[in-house]
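A single chain, nothing else alongside it, follows as structure tokens in the form predicted alone.
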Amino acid sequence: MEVKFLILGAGPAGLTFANQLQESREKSFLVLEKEKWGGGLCRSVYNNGPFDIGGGHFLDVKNKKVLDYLFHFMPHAEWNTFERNSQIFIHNQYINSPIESNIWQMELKEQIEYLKDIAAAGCNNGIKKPDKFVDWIEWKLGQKIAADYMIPYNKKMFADELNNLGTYWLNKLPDVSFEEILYSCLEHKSHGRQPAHSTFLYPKEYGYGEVWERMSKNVENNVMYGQHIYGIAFDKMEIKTHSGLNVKAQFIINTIPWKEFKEIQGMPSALHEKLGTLRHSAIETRLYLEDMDTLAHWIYYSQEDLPYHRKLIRHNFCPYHGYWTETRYERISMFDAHDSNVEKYINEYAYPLNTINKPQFMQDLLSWCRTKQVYGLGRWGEHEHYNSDIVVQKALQLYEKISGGNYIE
């Protein structure tokens, strides 16, 4: 089989690119997807209401172009708008997130201890930013916030050995101002910039996967499900699957994890050998049907004795009872035996890990691939922790560049 465009993966990145091709009346394209459905990490299943099996996914309202594009498939009238209410469980109480802006909600003694520590943090004292992740947390937020919350939470979510992670990906986080935090404690209100998704959209009647389901149906004649990618031959521009399917293409858009390619031909050995250095974390999600006495949309948990690191409170953004948990795969053995009958899903690929040498390697890998007309796209094609709205934006941009003929290096 031979097509002009071959798209690997039917998650948000692949579906956006495929729908752009269809909208432009391109007929020679094919999407290969390992699962029996589209949507990737953003898929929803339905049993006692929607269950977003990839964890918590919400649509940010900041990018009008992305919103307009998705509203084409699922109109704005089918979404509710929420002002973010995310909380942290710490010191046996719930406070709002982010922690540094809301320590004023703690007991006065705790506030004083945190303020003293933030004042001594390296970022407030002209100390050079460190290169290792744990050191950066202490430099940015002070040792007490690091020890009480940030370090244990990130261990639960990403990896036990956090110093394998770099700090390059944290530049987008705002500076922690001692003065702003002091004002928040004195005035009993948050100061500083709000976190991502401060305002977000969620479907009124469905799970978050509904919009991707509709996008899947729109290109269903050009999608082959149950096709587990096995190999890629750059010299032939050919993809192999475990079922024996071989597909050649002029352009290959890769949105799946690079580690899924077990057989690679035509790639320089210096790149091929380093593919194994890419790291990721897996998660399990579980659905519980009882409600929680909270107004929060989601809650973060750093406590080591709790297996999960986050709860998504479904009944506060969706008209169905219950909540679901998100747990790093290595920790699921901590669940009590009575949890064995709950609905649960394992996502082998959940979060790309920002290891120290990853940026240079991915730059080299993607640059070389582009010379062969193979393009990495999205969370896994670029190995970046992108939210779905950013993935859609990236896919739209890539389509524009390729269709304009000005992206081949």
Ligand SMILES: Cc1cc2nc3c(=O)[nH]c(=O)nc-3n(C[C@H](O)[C@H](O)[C@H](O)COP(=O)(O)OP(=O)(O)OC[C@H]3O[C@@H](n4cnc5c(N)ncnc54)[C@H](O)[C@@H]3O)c2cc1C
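Residue numbers run from 1 along the displayed sequence. Source: prediction; values computed, not measured.
Unshown form predicted in complex with the named molecule; subsequent notes refer to it.
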Inset, instruction - Please determine, with the chain shown alone, which of 141 to 149, 252 to 260, 93 to 101, 180 to 188 has non-hydrogen atoms within 4.5 Å of the named molecule in the predicted bound form. - result: 252 to 260
Inset, instruction - Although the named molecule is absent from this view, report whether residue 310 comes within 4.5 Å of it in the predicted bound form, heavy atoms only. - result: yes
Legend entry - in the predicted bound form, residue 372 touching the named molecule (heavy atom, 4.5 Å): no
Inset, instruction - Classify residue 380 as contacting or not contacting the named molecule in the predicted bound form by the rule of any non-hydrogen atom within 4.5 angstroms, answering yes or no. - result: yes
Legend entry - Contact label in the predicted bound form: residue 387 to the named molecule, heavy atom within 4.5 Å: yes
Legend entry - Contact assignment for the named molecule in the predicted bound form, among 211, 137, 283, 232, heavy atom within 4.5 Å: 283
Inset, instruction - For the heavy atom contacts within 4.5 Å of the named molecule in the predicted bound form, list the residues of 39 to 73 involved, in sequence order. - result: 39, 40, 41, 42, 54, 55, 56, 57, 58
